[in-house]
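Just one chain follows, in the form predicted alone, and it is written as structure tokens.
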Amino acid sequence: MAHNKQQMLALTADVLVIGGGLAGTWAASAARRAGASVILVDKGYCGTSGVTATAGPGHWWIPPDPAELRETAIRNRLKTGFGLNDPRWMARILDKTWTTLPTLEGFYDFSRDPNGVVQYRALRGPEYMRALRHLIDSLGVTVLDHSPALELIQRPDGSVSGARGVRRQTGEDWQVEAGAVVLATGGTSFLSRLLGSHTNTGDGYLMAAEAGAELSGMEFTSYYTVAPARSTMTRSMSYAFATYYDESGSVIPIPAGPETTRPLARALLRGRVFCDLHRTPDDIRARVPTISPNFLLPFRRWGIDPYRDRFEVTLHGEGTIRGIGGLRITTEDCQTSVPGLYAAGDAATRELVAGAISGGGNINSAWAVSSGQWAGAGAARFAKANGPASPGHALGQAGLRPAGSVANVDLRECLNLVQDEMLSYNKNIFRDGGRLRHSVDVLERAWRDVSAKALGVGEHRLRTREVAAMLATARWCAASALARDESRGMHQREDRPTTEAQFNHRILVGGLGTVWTRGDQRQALELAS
């Protein structure tokens, strides 16, 4: 399957999977079990990289019997999805997750309840990812660790036929010609210091858009997570019992329910915010070291008892990670709008199951398991139906093949600009039309500069492409938020505080030189009561 060219590792396979997190490893296993030869390339080390490896993921896990259990769960999710999710997809995901997780027996040591019943729903992230690495190794998947993809390859007929990238250990380039490609590159938090997300820079969105793919749901990016100030420890479970204080020591009123972001953000715009966890029940305190073993580490380092002492907190934006948007899915096996290109996990839109609110941990994990397997199996079928890998042309533009005269572009300054537009509380949480139009204009000017002038050379190619990807993603997010001229779910417009029936549809977005948006009117949707 492999042969070497000068300074280029050249490989062929039926299916190429880009990304080695939860969705990517499930995709690789499904493609291999469907009889395809599979290569998986990961930006980090497959088995430790990605947001799952630092978490304790639960899954949307509901028994099939009695049937009313799933019917009720789907009905409740529809009520909170603001008309953008799909009950049929939710049923498919529940069933796929239910039948999939037990297949990890032999690779993962599942816990048991006091009655000896195996518990499949919640897994510990590090062991989970290590088990998935062992699974794909056992199936004969070829894995290239520390080998980020830089661009896709496209056949003359428009279908995707592989990718190119770089091996970070050696500096050597790689190229994989494949019958079909699965993008499982995750979402992006725009490097907000979200735990486990440092390699998630939106690369898959940019590569897919260069091939002509559309995105959906990119306006839903205003999910934020509480963390101790100056830390990346965004494990949020314990903050369900938090009491927040302003700088004067007065308690900040937080309404009952899950909505804490907006009052905390308002307080943070006024000054520093502090927190303690003294209301945490004793039984929960006892379980935290097992459920989130890394949660207490920074407090121990600082000599703080979070259940007794107050500590300063902040909010980290989660972008499209616990947002919803991603590549638009056009078929039941998770093909994008480009033939031969499939998407899974956070690289794909999660509107189908989450609607207009964040899917959170359990929904997103179930989506990653399910979409990964559908995408992997779909890619294997596409490769079989359309013949072996064949040559194509490389698609990379911004950062690789600038449209104008090459000149120095300050990548740090560009990233600061993206983060200011996408993470600032007063722009991304408290939105209005004027601020969104300003963001669109600022990001547009930056894109013209980067696409025309930036050229990454040698070890700087990856960073240049990452910044271009985050900038492109920010443009699609801002344009979609401006196009949704209403408030719906996590997208709240201060100048449009109501939900409008005329927007009972998903918003599609795409384009690089010129960003476009349009309503996805092909699917009739009913706003949940």
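The numbering used is simple: start at 1 and walk along the sequence shown. Note that the structure is a prediction, hence the values are computed from the model and not measured.
Separately, the form predicted together with a small molecule exists; it is not shown, and the next lines address it.
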Check your understanding: I321, V226, V409, I357: which sits within 4.5 Å of the small molecule in the model of the complex by any heavy atom?
Key -> I321
Revision key, fill the gap. The listed residue (C334, A178, A184, A380) that reaches within 4.5 Å of the small molecule in the model of the complex by any heavy atom is A184
Practice item. Check, residue by residue, if G21, D42 and D346 all come within 4.5 Å of the small molecule in the model of the complex, counting heavy atoms only. Key: yes
Practice item. Could you tell me which of 295-303, 83-91, 358-366, 109-117 sits within 4.5 Å of the small molecule in the model of the complex, going by non-hydrogen atoms? Key: 358-366
**Study point:** L206 within 4.5 Å of the small molecule in the model of the complex, heavy atoms
**Key:** no
Practice item. Find out whether any non-hydrogen atom of G489 is located within 4.5 angstroms of the small molecule in the model of the complex, and reply yes or no. Key: no
Review point. At the 4.5 Å heavy atom threshold, is A149 in contact with the small molecule in the model of the complex?
Key: yes
Check your understanding: Is A55 close enough to the small molecule in the model of the complex to count, meaning some heavy atom within 4.5 Å?
Key -> yes
